[in-house]
Ligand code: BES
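Shown here is one chain on its own, the form predicted on its own, set out as structure tokens.
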Amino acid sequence: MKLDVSSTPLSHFEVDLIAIPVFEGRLDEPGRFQEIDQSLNGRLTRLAELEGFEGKSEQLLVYNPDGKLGASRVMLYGMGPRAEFTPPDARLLGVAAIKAGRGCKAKTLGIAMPRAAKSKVDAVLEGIGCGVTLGEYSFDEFKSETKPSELEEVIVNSKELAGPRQRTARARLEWGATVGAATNRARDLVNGPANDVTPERLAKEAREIAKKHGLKVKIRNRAECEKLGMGLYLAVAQGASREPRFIHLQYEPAGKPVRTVALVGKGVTFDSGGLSIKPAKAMEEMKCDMAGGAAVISAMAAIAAAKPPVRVHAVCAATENMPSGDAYRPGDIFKGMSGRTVEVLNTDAEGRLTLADAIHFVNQEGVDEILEMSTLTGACIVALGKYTMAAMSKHEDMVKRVLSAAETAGEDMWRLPLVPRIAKELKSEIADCKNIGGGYGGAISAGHFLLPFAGDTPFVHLDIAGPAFGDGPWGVNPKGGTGIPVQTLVQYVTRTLPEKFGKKK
């Protein structure tokens, strides 16, 4: 799919479908809608009144102009109140335009750019580029019959994009598409069945990204992890017949790095709960328990393409959590790479064990900060719902930057407090700690469990259990794997850190 820009007047813009953004209650104001409506002698206004279209968020109306315009069809898309519009909302416009274009078998799709302040034009273009890429997503790898997209070109239209501005505008569109493609790659991994997306498959994805983008990659097997003393990670892995893979990708900037960042993602490719086995219904979506690992691996493709002045380590301790005669048991005690011992009370609290060794591992690489993400607790979904990630940290500067990156990327995130009293519930009488706490505050308890393994290094834990996998489409996300938080990670590493610690790109 080719991406381009145009400054052709909308009435003469020849495409199969033109998508027009409309802000709520602003149909009568000068803008994209009025420009088209005047060419149609007020027909769009009358149709909008008839159909009750007011520009409310995600309202949709498609019209056939019957040869009165260059476009064969017009789509009106409600953007909601103008005062609430942010650049990530442009992704919704892109997704809706793609879906409408697919419905009418369009080969060329035009999108009229929403009016925005000059300082936000680039971000809006990136949002559209990301949105059209996300809108193209479908997971049909295992279907015998598929319907490939007929769309050949998407053109963003605005008078402001004329002349020398075109080249920059195309670059912003293409960057948005790059981030969207990384998100879609993570979606594919999360949606893939566990018999296909195994620890070795995740390792293969990492190798492919490394080869394409010139990254360093090291895949460690069970024996190599044993030599490093990763007793917590391997405790989880010992019940599975499939071999674990400890995945380590590294991006190195051209010059001296202004910062070294570690991204750590949970990589449990199937979670049965181990001997503390889950109910059958609860296992149906447990192929998604590697969403954090899929995110960090996939995000590295976009990060490498951006070439930020930041060294990045991406780590995923991949394994299955299965019941067998060799599986770890409630009551067992294991020592991690850090030397810290853990009493296991529930084998379904396995992700934190794999992450503990991964966090300690990257800390030994001399990183300045660690950002970890995992589908860690159902308690987080109870606390924040299905659409919001939780952020937990004791490091104010870092967590504020992560929250800012999520807001800029358009991925919902909320900070949970690390209540000190909850940490006391992890104390064990026979080991350094237990792997679960009391019956309440489970998401916070998991955050407290991970903190000691980061030592004094600034550390943020993201619980993505809610939004990583959807039981239906919402916003820019399809049913199933969403690719969250790929866009936050890319924003954080390529924008937040260079602006904070080095020269702006």
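Sequential numbering from 1, following the sequence displayed. Treat the numbers as computed from the prediction; the structure is a model and nothing was measured.
Here the subject shifts to the form predicted in complex with the named molecule, a form of this protein not shown in this document.
| task | Can you check 360 to 368, 142 to 150, 426 to 434, 270 to 278 and let me know which stretch has heavy atoms within 4.5 Å of the named molecule in the model of the complex? | result | Within 4.5 Å of the partner lies stretch 270 to 278.
| request: Please state whether all three residues 266, 286 and 350 have a non-hydrogen atom within 4.5 angstroms of the named molecule in the model of the complex. | output: Yes: 266, 286 and 350 each sit within 4.5 Å of the named molecule in the model of the complex.
| said: Within 4.5 Å, heavy atoms only, which of 393, 377, 298, 191 is in contact with the named molecule in the model of the complex? | reply: Exactly one residue meets the criterion: 377.
| query | Taking the named molecule in the model of the complex as the reference, which of 44, 454, 465, 444 has a non-hydrogen atom within 4.5 Å? | reply | Exactly one listed residue reaches within 4.5 Å, namely 465.
| task | Examine residue 413 and determine whether its closest non-hydrogen atom to the named molecule in the model of the complex is within 4.5 angstroms. | result | No - in the model of the complex, heavy atoms of residue 413 and the named molecule never come within 4.5 Å of each other.
| said: Whether residue 346 contacts the named molecule in the model of the complex should be assessed with a 4.5 Å heavy atom distance threshold; does it? | reply: Flag for residue 346 set to yes.
| query | Counting only non-hydrogen atoms and a 4.5 angstroms cut-off, does residue 403 reach the named molecule in the model of the complex? | reply | Close contact is absent here: in the model of the complex, residue 403 is far from the named molecule, nothing within 4.5 Å, heavy atoms only.
| Interface membership of residue 381, the named molecule in the model of the complex, 4.5 Å heavy atom rule | Flag for residue 381 set to yes.
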